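So this one's two forms of a single chain, laid out as structure tokens and tagged structure 1 and structure 2.
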Structure 1
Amino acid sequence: MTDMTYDVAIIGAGPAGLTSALYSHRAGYNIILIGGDTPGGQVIRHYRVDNYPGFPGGITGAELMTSWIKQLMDETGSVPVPESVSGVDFSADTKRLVCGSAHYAARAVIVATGARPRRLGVPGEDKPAGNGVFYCATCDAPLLRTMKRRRAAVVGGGDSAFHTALALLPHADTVTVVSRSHEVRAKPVLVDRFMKDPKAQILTARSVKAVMGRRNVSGLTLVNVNTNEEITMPLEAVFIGIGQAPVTDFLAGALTTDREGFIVTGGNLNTSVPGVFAAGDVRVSPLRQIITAAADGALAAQSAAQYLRTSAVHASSL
């Protein structure tokens, strides 16, 4: 338990959360950044980041986020709190966050917890890390080069799946996109680019029943959605590309979300609760990239500062 009330509490230490913390600190506010068990967010596990401006030729996710965290430490003199928020109370002007046995209070909150890859939920998916089931091509595609055979499948039929498949082509012997739908939903330009490679193929109307192999992946059991016929596809790696799920379980309905659980925000990233803002991949957005998360972090911090100034003026007039 802590008796201190912070001006701004930021939940999440990825690009959005770190940027929110920097901007809030520069605005003169007392902050606490609760970073969970992985400061740097998903990006820190990316093998290479090629679409963040200012780094021609790319940069590893670990290098990028380590630099970001170092800047936060140098400017604020603090580090992300290595805890995860398990519950919130946004019912009063002072918001309260529960982290195990610790409780934190703040006048404004920025939720920047991001999203995590969706899982298939089939038998055999829970292989040890690095043993053939992957969720990030940019992080793990080079691991294919350590395998004797390099047959890979990508499960999914949308843009995410085909971006993954394209990233695998330089590293794999074959890449097969497996889609449950009768037609893939990805942009035609992505599908055309993928199919120009002789190593590429697409299987539609197939669902994954199981991931085969005791320790390492040896194949997939697929079911024809039309005939229920089962087939076995031998391979060494499977990449899951069925989208992402927001990290919002801890909110327990405290904020308005869409059907998939992403937080609904207004133009200044305000949520359904005054004084609570959302930034980055956790909110409803047409684009989820590092650069958009960072921009969200800056705007959320500015909006939180405006809220705090308005609240202070209101309180002084009572």
Structure 2
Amino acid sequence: MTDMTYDVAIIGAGPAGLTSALYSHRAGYNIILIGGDTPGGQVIRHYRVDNYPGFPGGITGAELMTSWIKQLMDETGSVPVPESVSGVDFSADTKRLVCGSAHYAARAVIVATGARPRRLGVPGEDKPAGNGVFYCATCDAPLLRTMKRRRAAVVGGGDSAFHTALALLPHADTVTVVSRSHEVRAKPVLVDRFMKDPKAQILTARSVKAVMGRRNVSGLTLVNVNTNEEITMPLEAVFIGIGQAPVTDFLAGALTTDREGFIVTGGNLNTSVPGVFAAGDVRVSPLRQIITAAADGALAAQSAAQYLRTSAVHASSL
């Protein structure tokens, strides 16, 4: 247990958390940044980031995020604490975070623990990064242009799958949405827009049994859910579009979330608990990218500072 109460505790050291830490420190607050097992966040695993401004020609995720961590170290003299928050108590003005046997206390908290793409969990899905299995169309659709043939499938039948499919159309020769259910669940407006393109097709009642290909993707093995008949669908790229899962288990319901578990935030990234803010992929948001996570991090830090100033006035007037 630490006796110290920090001004701001930041949970998560991806683009959102690192930016919050920098901004909170620069605003003069003492901070603790608890980074979990992935300092730098999920970007550190992206083999290439092509859409972050300032890096024409792209940059590896590791290079990009190592420079963010270095800047934090240089400016604040601290590194992300390599621990994971396993529980929280937000019931009092001083909030408490549990990390195994260690406890931390803070007057404001920024939750920036990100989200993970849902995986299919089928054989062949674990190809080397960039070799044909993708989880983010905004990030990776342009990679199709580097391929000789550009036949792509999107697995899923919801809005997320159709947003992915629409993003692929300008880059692909064909795009097939493969859905396990008999009817796709996406909004009709998305389905109609997709089907207007002659390169588009939809296959329903098919589940993915395996991703084929040794190093690069060469196709999908699909099973007809009615007849159990197997077919092989040759293609070069598969995008898994079955959504993302927010990393919020450790909150155990302490904050209001939407049906999928993403934290609901107000305009200044406030949550359902005063003094607790959420930033980046973990919150309800129309776009989940490095640049939006960083912007959230800055705004959450600013809002936490505003909260600390206001609550200090309240405390002194008691």
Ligand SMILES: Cc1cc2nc3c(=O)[nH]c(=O)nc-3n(C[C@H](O)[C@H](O)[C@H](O)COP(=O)(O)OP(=O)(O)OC[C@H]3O[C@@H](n4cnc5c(N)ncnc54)[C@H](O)[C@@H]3O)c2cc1C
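Here the rigid core means the biggest group of C-alpha atoms that line up within 1.5 Å when the two forms are laid on top of each other. The model shown is predicted, which means the values in this text are computed figures rather than measured ones. Throughout, residue numbering runs from 1 along the sequence of structure 1.
Taken from the form predicted on its own, structure 1 is distinct in origin from structure 2. Rigid-body motion between the two structures puts a hinge in the chain; from the set 149, 115, 58, 73, that hinge position is held by 115. When the larger rigid part is held fixed by C-alpha fitting, the smaller one turns through 36 degrees between the two structures. Aligning the rigid core between the two structures leaves the CA of residue 238 offset by 7.2 Å.
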